[in-house]
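Next up is one chain by itself, shown in structure tokens, the form predicted on its own.
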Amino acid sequence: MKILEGLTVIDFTQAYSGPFCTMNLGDFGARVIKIERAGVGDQSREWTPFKDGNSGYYAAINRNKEGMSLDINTEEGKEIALRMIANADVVVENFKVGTLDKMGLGYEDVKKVNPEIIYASISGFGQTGPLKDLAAYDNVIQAMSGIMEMTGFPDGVPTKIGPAIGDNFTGLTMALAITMAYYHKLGTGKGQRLDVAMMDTLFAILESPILFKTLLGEDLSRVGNCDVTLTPYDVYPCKDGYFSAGLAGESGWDRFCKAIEMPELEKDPRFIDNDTRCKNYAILTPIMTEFFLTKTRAELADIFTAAKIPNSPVSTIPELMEHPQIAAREMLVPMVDPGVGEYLAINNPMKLSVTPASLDKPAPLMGQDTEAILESFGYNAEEIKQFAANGAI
């Protein structure tokens, strides 16, 4: 039995944050019913890359779900949704704040049919506060949250982190919140409202700049690939690319100096401890870089691994996909999708020994399970036929 088997999720989400959240629940056995409006669908169906006219992006974040077409703007569609919610455990939505309230499907509405419901809302800025009514995408949240300000080099422009961290980290945070709320419900029989904002989520990971400001009154900005609290701890150019190596404190400085063939640096008063090295970063880094420039990434990996110093070449994506560690951890698994065909899906990184995640089914085609879902909630063939005739499904 899967760890979340028996949990039923009514999924009104689209784009990235919400579908990523519900995908993680589905990976561990939850029944996730993805609701899309016929003819409109999840906006990620329009996102590249495309194959055979179908979105690989949509396929990648909507596995392990059942697909249903339902127009909740119609009275019949709303009544169908309420019946489903009455027999579900969780509702997840990431509409603009207040959208489902206007449709009669807000938290206060659904509590009347299911007082134990867990109602999970993902939004850009949360359900409260002066910005609550504003829409947001990952680039907006990265800009406002301080993530862009902290990313890049001092003489460069604020820089967006490559992956959509505002979306995926928020979705994962909501998946954790739902899991905790479900645990509470199993013990008490009580549901609750969950409110996770992209802005809050990214603000919550700004550990160093917030601490420096609150404790020391110091303002931190972007520092490139180093860390203001640690030296050496950086990315260095080498013969065939770039290489990352560093220490997490005082331990290992002697080994580092020997590894870069500069044992004299160990006792140099300018670099005698981590605090002094941080203050003299601009002096120490060019000295060390001379060594890195004489070696290839493979040579550096051998040197620093032998010295028991954490290290890695900066990998390209093709190199990463072929890496033996990725293979050993089964982080890429083949999947056959009805839209895009066979592709390599990114596996779930949470490795549970007894109740592991599993990629059982690909993302659904638009509305492919509508009739089966309705039947599972007690509707008969004639009723389903009438819903279709009326445009509710």
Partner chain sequence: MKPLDGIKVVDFTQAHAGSLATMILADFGAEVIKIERAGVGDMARYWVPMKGDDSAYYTYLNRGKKSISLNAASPEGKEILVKLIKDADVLCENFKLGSMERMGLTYEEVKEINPTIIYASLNGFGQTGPMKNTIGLDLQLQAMSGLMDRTGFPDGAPTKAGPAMGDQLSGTYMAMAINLALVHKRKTGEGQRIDISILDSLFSILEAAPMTYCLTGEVPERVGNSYLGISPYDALEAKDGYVAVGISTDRQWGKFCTALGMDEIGADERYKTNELRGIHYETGLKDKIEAVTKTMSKFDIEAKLRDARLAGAAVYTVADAMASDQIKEREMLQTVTDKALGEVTMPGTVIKMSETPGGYTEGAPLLGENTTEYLTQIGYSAEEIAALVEKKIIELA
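Residue numbers count along the first chain shown, from 1. Keep in mind the model is a prediction, meaning the values are calculated, not measured.
Keep in mind the form predicted together with its partner chain is missing from the figure; the text below concerns it.
The candidate spot formed by L105, S358 and A388 is out of contact with its partner chain in the predicted complex: none of the three has a heavy atom within 4.5 Å.
In the predicted complex, no heavy atom of E79 sits within 4.5 Å of its partner chain.
Contact between M148 and its partner chain in the predicted complex is found at the 4.5 Å heavy atom cutoff. Taking non-hydrogen atoms only, A197 approaches its partner chain to within 4.5 angstroms in the predicted complex. Contact annotation: M331 falls within 4.5 Å of its partner chain in the predicted complex, judged by heavy atom distances.
A heavy atom within 4.5 Å of its partner chain in the predicted complex is found for exactly one of K239, K279, K213, K258: K213.
A heavy atom within 4.5 Å of its partner chain in the predicted complex is found for one listed residue only; from A86, L134, M262, I287, this is L134. Of the candidate stretches 265-273, 213-221, 68-76, 87-95, only 213-221 has residues with heavy atoms within 4.5 Å of its partner chain in the predicted complex. Interface residues of 41-72, taken as those with a heavy atom within 4.5 Å of its partner chain in the predicted complex (partner not displayed): T48, P49, F50, K51, G56, Y57, A59, A60, in sequence order.
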